[in-house]
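Here you get one chain, nothing else, as structure tokens; it is the form predicted on its own.
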């Protein structure tokens, strides 16, 4: 994508390809008055491009991904996608609800990961772009049918993307169901604030607003404990380079091959609050993550290995991107002490996350 000739503020749509069974897919480009741009496809609700200026005003694409649909169809580690029906892992692909055990697709060894074999990241969503309000907006809808990937209930999902003139990408998720079901939606963008493909993210300085995290076992399933970050490599309460402790001989880091953990955010209730802040010194770009969710997962591209070639023929090597996935905790359906992820027919699932960009 040519970032030297950005369109004026607005919303544009163009074809992005066809799925293997011939379904057409589009790419929607939202542009604000500051030349910040978000390009999102209705295949998986994927954020394909996110262009943000640096301290010199020079634009760069700060998310990993592919230039065409073919890349996402062939091999994508959830680049930029909506994750559902359940983001993160459910241990052994099983949970019990109202006395009945449900068996889900096991696509992460014997665990269920990110919604299963064909999760929301692989669905073609209905799309509608709008400039009726102040900011360019894309609204995606999808009906996850009863029994899909082992989940009960027909789940009607709406995801709204808004790009504001304050350089905020706001993602609002809503869902309703006709049967009780676990729901945990998130976005899985891989960020590199120096620019996608520009190197690893170990020099990014990260703050996570959390005093506790959820330690995991060897299968990356939470043990159920809410452990203090004090004295551990998980302490990001003060801005710290991601690479400062990532290679420390620590059991939790060994289990994850680095950071692949959920933090328990310091907050009360469901207010919109600051979850994390990332700063990249060479570009001056800073990203703040605000959310109504109780947790956030930091993943540092531990499984990227140079086998994927992305946009502008960039090779994505080990730790070339970081994810900050706002969420409820992993394996919550089997952990009664964790905040509940069960949505009932008389309830509406509603959550918001905002990625705010600025220069330091």
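This is a predicted model, so every value here is computed, not measured. Positions refer to the first chain, counted from 1.
In what follows, reference is made to the form predicted together with a small molecule, a form of this protein that is not presented.
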{"query": "Selected contact from 88, 192, 177, 81, since only one has a non-hydrogen atom within 4.5 angstroms of the small molecule in the predicted complex", "finding": "88"}
{"query": "Of 284, 77, 243, 224, the one that lies within 4.5 Å of the small molecule in the predicted complex (heavy atoms)", "finding": "77"}
{"query": "Interface stretch in the predicted complex with the small molecule - options 228-236, 245-253, 210-218, 88-96, non-hydrogen atom within 4.5 Å", "finding": "88-96"}
{"query": "Exercise: residue 320 in contact with the small molecule in the predicted complex, heavy atom 4.5 Å", "finding": "no"}
{"query": "Exercise: residue 329 in contact with the small molecule in the predicted complex, heavy atom 4.5 Å", "finding": "no"}
{"query": "Partner proximity in the predicted complex: residue 61 to the small molecule, non-hydrogen atom cutoff 4.5 Å", "finding": "no"}
{"query": "Contact test in the predicted complex: residue 297 vs the small molecule, heavy atoms, 4.5 Å", "finding": "yes"}
